[in-house]
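First comes one chain, alone, set out as structure tokens in the form predicted on its own.
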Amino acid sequence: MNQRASLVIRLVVLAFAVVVIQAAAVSQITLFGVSADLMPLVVMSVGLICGSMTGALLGFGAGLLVDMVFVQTLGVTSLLYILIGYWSGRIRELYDPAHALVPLAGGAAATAVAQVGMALIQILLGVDAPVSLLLLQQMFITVLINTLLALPVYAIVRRVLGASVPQDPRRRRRRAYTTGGLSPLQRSTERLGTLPHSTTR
């Protein structure tokens, strides 16, 4: 089995497993009246680990799965998760964040996008979901809980995907430099240094 097929299988299994865990266990555990929402954290983690296209595709599929399992308006969650997965991947591709706390900030941002986006879309669709202080409080607590869960969820997703994650060429070059390899500038300098000196008449 090649690396791409292995990655697809692992992502599908991961999405199904998270939805089952969310529906069967996590949604039954409440803190201050709200439950954690694992899927935005998983989509964010996949985007940071695998890139924008993989994050967006997982967001689309996971969103449809969530909408079907929880009997919601089909496609609404997909729209939000595509946004989360794509921009998490773009952060990885543009800035290559290596700090350990990046998943923490990403988890907070992903949850906020999911919560606020869902509320706005429901209002636009005419669903009876009045904006109140209680709703804002619940959204804030959900963001706070998910922020605390972001690091362990990110670690679990990275562990599940394992060696099937495509290697970023920039990271390979950077690892070579930091472990004793030569950068292109250093190689060109060495080549110039080995050229015979021209003689002047």
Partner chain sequence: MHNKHVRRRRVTLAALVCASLILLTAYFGGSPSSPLHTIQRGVVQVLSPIQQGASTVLSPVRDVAGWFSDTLHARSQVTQLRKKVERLTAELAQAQEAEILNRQLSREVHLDATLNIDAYQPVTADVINQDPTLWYQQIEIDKGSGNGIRLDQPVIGDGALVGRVSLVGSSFAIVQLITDHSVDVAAQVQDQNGDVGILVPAVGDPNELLLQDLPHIVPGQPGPQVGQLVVTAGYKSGPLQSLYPRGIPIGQVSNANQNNLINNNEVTVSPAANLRHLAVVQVLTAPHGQAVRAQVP
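Predicted, not measured: the structure shown is a model, and the values here were computed from it. Residue numbers count along the first chain shown, from 1.
Beyond the structure shown, there is the form predicted in complex with its partner chain, which is absent from this document and is the topic of what follows.
Notebook entry, point to check: Does its partner chain get within 4.5 angstroms of any non-hydrogen atom of Leu134 in the predicted bound form?
Noted result: Yes, Leu134 sits close enough to its partner chain in the predicted bound form that at least one of its heavy atoms falls within 4.5 Å.
Check: Going by a heavy atom distance of 4.5 Å, is Ser164 a contact of its partner chain in the predicted bound form?
Finding: No, Ser164 is distant from the partner.
Check: Any chance Leu64 has a heavy atom within 4.5 Å of its partner chain in the predicted bound form?
Finding: Yes, contact at 4.5 Å.
Check: Do Tyr154 and its partner chain share at least one heavy atom pair within 4.5 Å in the predicted bound form?
Finding: No, Tyr154 stays farther than 4.5 Å from its partner chain in the predicted bound form.
Note to self: Taking a heavy atom within 4.5 Å as contact, would all three of Asn2, Ala5 and Val42 count as contacting its partner chain in the predicted bound form?
What the structure shows: No.
Next item on the list: Let me know which residues along 48 to 63 have a heavy atom within 4.5 Å of its partner chain in the predicted bound form, or say none if there are none.
Entry: Going through 48 to 63 in order - heavy atoms within 4.5 Å of its partner chain in the predicted bound form - the hits are Ser52, Met53, Ala56, Leu57, Phe60.
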